[in-house]
Ligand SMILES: Cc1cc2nc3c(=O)[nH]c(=O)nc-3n(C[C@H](O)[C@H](O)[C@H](O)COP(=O)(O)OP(=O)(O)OC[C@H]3O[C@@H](n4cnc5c(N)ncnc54)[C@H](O)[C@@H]3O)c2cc1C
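Just the one chain here, the form predicted on its own, laid out as structure tokens.
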Amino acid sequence: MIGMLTARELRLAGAKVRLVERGATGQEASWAGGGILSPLYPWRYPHPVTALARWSQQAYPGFSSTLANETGIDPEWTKNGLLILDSSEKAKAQAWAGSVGARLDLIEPNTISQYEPGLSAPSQEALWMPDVAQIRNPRLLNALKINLPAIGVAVEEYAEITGFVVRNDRVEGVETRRGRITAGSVVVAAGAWSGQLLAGLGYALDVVPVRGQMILFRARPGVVSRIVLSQGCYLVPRRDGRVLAGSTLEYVGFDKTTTEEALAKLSRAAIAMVPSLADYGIERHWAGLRPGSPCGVPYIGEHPRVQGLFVNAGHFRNGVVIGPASARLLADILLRRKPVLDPAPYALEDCANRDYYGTSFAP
């Protein structure tokens, strides 16, 4: 998604753009995620993540509507709110909400069922964020696959990049298994593979694969109406009634294998939140590889050693929610426009010196 959105931003600004993909576009972590348009427990993240999220959240309704009108595929942007059943961090949550202007309400246990009737009986307060929306990310990606060629982006799939063409510390293109592609600028937006791809240039980008497994209940509309989060597990109801349950956080390298252990864990967690989900079958179980980065702050900017080589990677668990802002910021930097956000916190030259842990980040 990050590569597709970046290509779109650059093309809309008038650039000639070619999108080169090692497999099929619209897959990997972007397809595999839940589509929640908010970081989970957003107060745990450093401000650079919040800034990208807030910008993107404002842009999403119009962006989704535009794609639906231009492609005939509705990404199903839906504002159904986020109900967080963990209130132990309510003071931090309320302070964060006040500082960024987000609405966050404290809900007493005896009124939680008014927000989500199917929940098991809650024993503590909950946090309610009514403005949080979701997007059906596979539909969003399918819309982008149609939109990019329509606006003039050349898309080349199954063309794995094997290296960069660099002369006098300036990029001149890429080498692929199909041959060389010349370019005045190159953007690396390869998700979990970005660090591996850039390693040949002698510069360590701290992006690693982090496996996340999810399951899908074939439920009916109304079984779950809100996005629900409890102890790190979440439920996302789609418009057709299906309910996503996720997700695991596993450092197992480039391994997308699903496991019976994760299936059982996610199923138990989902049914513990909404017992009636036990009445519905699990339609699908899958895994994706998130592009993990320190504190979840992505790298957005120019390579410190190679002119014309840019990076937009390391979005960890929040690529969908912070994608539009990340793409816009990268385009601003590359095109030397006034940036929509301060680019300094995302700069690559700070890779070895990032220290946001004072914000109590916990993925």
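Counting begins at 1, following the sequence as shown. In this text, all values refer to a predicted model and were calculated from it rather than measured experimentally.
There is another form of this protein, the form predicted together with this ligand, and it is not shown here; the text below is about that form.
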message: I have 115, 230 and 237 flagged as a candidate spot, so tell me whether each of them has a non-hydrogen atom within 4.5 Å of this ligand in the predicted bound form.
response: no
field: Heavy atom of residue 119 within 4.5 Å of this ligand in the predicted bound form
entry: no
query: Does this ligand get within 4.5 angstroms of any non-hydrogen atom of residue 143 in the predicted bound form?
result: no
task: Determine whether any heavy atom of residue 10 comes within 4.5 Å of a heavy atom of this ligand in the predicted bound form, and answer yes or no.
output: no
field: Exercise: residue 302 in contact with this ligand in the predicted bound form, heavy atom 4.5 Å
entry: no
statement: Among 182 to 190, 277 to 285, 93 to 101, 73 to 81, the stretch whose residues bring a heavy atom within 4.5 Å of this ligand in the predicted bound form is 182 to 190
- prompt: Since exactly one of 329, 49, 311, 29 fits, which has a heavy atom within 4.5 Å of this ligand in the predicted bound form?
  reply: 29
- request: Only one of 165, 155, 216, 161 comes within 4.5 Å of this ligand in the predicted bound form by heavy atoms, so just point that one out.
  value: 161
- line: Across 298 to 337, the residues having a non-hydrogen atom within 4.5 Å of this ligand in the predicted bound form turn out to be 315, 316, 317, 318, 319, 320, 321
